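Have a look below at one chain only, the form predicted on its own, in structure tokens format.
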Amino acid sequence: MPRQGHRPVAVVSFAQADNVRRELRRNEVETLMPVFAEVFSNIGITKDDVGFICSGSTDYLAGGPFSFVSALDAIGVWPPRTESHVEMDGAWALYEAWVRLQEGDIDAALVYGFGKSSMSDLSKVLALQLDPYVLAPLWPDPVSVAALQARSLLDAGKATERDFAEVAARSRKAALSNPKAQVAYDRNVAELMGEDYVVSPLRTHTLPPITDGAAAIVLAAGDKAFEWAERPAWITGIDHRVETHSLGARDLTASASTTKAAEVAGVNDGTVEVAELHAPFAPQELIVAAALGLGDDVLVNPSGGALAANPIMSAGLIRIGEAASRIMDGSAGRVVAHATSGPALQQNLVAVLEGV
């Protein structure tokens, strides 16, 4: 159960849209509506059963301020209800909802994240996250930034290009059993190593797909969780940390913020069976796994992770949903979920979930 002083809060339902390269038929509202219908029907409730709504998205994709407001049409907010939004991945919206539930006056919350990467140029959008004085004016694309991090790993002797390929091969093979995956295949490491570089030392297989998608989670507190789910996924620890966005001022081969968040969340307080890590680029999985202190016996990204589908603003929330699903279906007893945002693993959130 949660650490002393925390109100028990659990994930009781999870749903996500089909992850696709380009959603041509539906706008964000139309994409979210079936996700909401599923996340509620999973546990037999309606929107009127949740006391708080929190979303994660980015206005930069839609090209206009407060674009998240229109997405509320998918849920319907009449009569008016308490709602909030973060300009972050939905995992941070979940953190806000978890904090809100600690107040004790409501017992359930809806959390969701959404974004259509195909609507904009991610190379420009993600460059706006960089240091506005030194880096952003150079407009480095996210692949080039990730390549700097990968090169740092290689130069430090902490990984090889073969290690990158092994992560990609395992993740895409695992994705074959994930009906929501966008990219899935069974290719050996030697074949992957034969690909051309996109930006050295990164080859195509180390990169995430560009994805349109959405996801939603219902959180419930205390006895309400047992009313709605046979086996709730209790959030026994959660924390997020941020590092400087100046790439030259931090060690790109490690993730100090992930390590600190893991310490506060209590990752090492028990045995971790499954870890869903939000590592958009293959080398980043190696960094995050090391920062969390995961052993070789931990099942990492059985869903395929962000290499299988990387919907902007919901990929981190999906990691929490996928990890929680392992608890709810009884296949695991203690899991870890991780989400990241910003350049080169700048901001990181870690959650520990357990069954009873």
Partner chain sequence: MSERVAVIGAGQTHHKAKRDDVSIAGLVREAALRALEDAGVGWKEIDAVVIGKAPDMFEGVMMPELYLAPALGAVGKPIFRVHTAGSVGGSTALVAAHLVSSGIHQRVLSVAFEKQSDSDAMWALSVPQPFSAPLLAGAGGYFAPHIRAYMRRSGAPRDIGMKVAVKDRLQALKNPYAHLHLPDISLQMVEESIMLWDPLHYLEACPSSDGAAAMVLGSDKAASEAQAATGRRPAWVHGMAMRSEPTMFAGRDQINPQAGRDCAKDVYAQAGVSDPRSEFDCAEVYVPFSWYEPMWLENLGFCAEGDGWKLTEEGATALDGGDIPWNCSGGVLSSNPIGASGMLRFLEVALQVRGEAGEHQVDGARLALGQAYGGGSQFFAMWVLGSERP
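Positions refer to the first chain, counted from 1. All figures in this text were calculated on a predicted structure; none of them were measured in a lab.
Only in words, not in the display: the form predicted in complex with its partner chain, which the text now covers.
Residue contact check for F40: none of its heavy atoms lie within 4.5 Å of its partner chain in the predicted bound form. Looking at E103, you'd find a heavy atom of it within 4.5 angstroms of its partner chain in the predicted bound form.
Using a 4.5 angstroms threshold between heavy atoms, M88 counts as touching its partner chain in the predicted bound form. Although the partner is absent here, P80 is a contact residue: one of its heavy atoms lies within 4.5 angstroms of its partner chain in the predicted bound form. Stretch-level contact analysis of 68-76, 194-202, 178-186, 216-224 against its partner chain in the predicted bound form, using heavy atoms and a 4.5 Å limit, identifies 68-76. With the partner omitted here, the residue from K173, R231, K260, R151 that has a non-hydrogen atom within 4.5 angstroms of its partner chain in the predicted bound form is K260. Contact annotation: of the candidates G330, G295, G44, G64, the single residue with a non-hydrogen atom within 4.5 angstroms of its partner chain in the predicted bound form is G64. For the partner-free chain shown, H240, R241, V242, E243, T244, H245 of 240-258 come within 4.5 angstroms of its partner chain in the predicted bound form, judged by any non-hydrogen atom.
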